[in-house]
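Quick setup: one chain, the form predicted on its own, written in structure tokens, and binding and motion questions come after.
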């Protein structure tokens, strides 16, 4: 028995899945199914997703959160996920870390949003020790007053999930798809996206982050690596996911409604012209 194995004796089991470039929609579908149908603890680390994608929280409204003309013009996929939280643009520069746990997996942890958030910050404090001025601020992970990690959660009767999108790197042009949200953390003080966020790569290497995250998880769990293929074999293919990829028609309708509510003359003229065209027929 190794020293690591000896240290982990008596800790609850957590299955670890390491991916690279798995599409974020596939990841969210698997997470949701594990949350609702599995009775095991899981940690999922997905190192990037290939195509730029916008992911909104379960109650997110595209017209309020996105610059839809640009999103539609550039054909950027938009997903509404099964958890709460804000809106993010993810791509190959994003590292995703997810914890799916039974409510009694961490001794003394109350299965409510703020205690889970606080516990996660303790875990990541181990990861970022010696790298930047890390803290949890209003549900965000920050270095100083610059956000690099956005969190979302879902809590069921017996289980909870806490997942994070880490901005190891990002394309500045992708941030232009996002509007300034109506509800923003106080520490943001109306800064635009590029002034509000920072890149993790300026603080630590990507591989070091992943390795130190796994080491930190081992302080709370006995970690057992699992392959993606083994997971999928045990999952029910008929599970109904609440995470959805929004259709182009849904985004167009949201864009149309947004312009109409603002009284955009171009869209009002389109309505009038369409109505006249219908009368002529």
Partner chain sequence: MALRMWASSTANALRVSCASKAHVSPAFSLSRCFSSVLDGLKYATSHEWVKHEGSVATIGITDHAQDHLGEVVFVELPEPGGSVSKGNGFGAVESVKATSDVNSPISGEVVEVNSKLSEAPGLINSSPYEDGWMIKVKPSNPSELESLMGPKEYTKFCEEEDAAH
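Note that the structure is predicted; figures quoted are calculated from it, not measured. Residue numbers count along the first chain shown, from 1.
Below, we turn to the form predicted together with the partner chain, even though it does not appear here.
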Select from the listed residues 127, 95, 89, 152 the one whose heavy atoms reach within 4.5 Å of the partner chain in the predicted bound form. 152
Here the chain is shown alone; which of 210, 178, 197, 117 has a heavy atom within 4.5 Å of the partner chain in the predicted bound form? 117
Using heavy atoms and a 4.5 Å cut-off, decide whether 85, 109 and 122 all contact the partner chain in the predicted bound form. yes
Can residue 135 be called a contact residue for the partner chain in the predicted bound form at 4.5 Å between heavy atoms? no
Residue-level contact is defined here as any heavy atom of the residue lying within 4.5 Å of the partner chain in the predicted bound form; does residue 245 satisfy this criterion? no
Residue-level contact is defined here as any heavy atom of the residue lying within 4.5 Å of the partner chain in the predicted bound form; does residue 59 satisfy this criterion? yes
Does residue 157 reach the partner chain in the predicted bound form, with heavy atoms at most 4.5 Å apart? yes
Where, among 169-177, 201-209, 138-146, 67-75, do residues come within 4.5 Å of the partner chain in the predicted bound form by heavy atom distance? 138-146
Could you run down 167-186 and flag each residue that has a heavy atom within 4.5 Å of the partner chain in the predicted bound form? 183
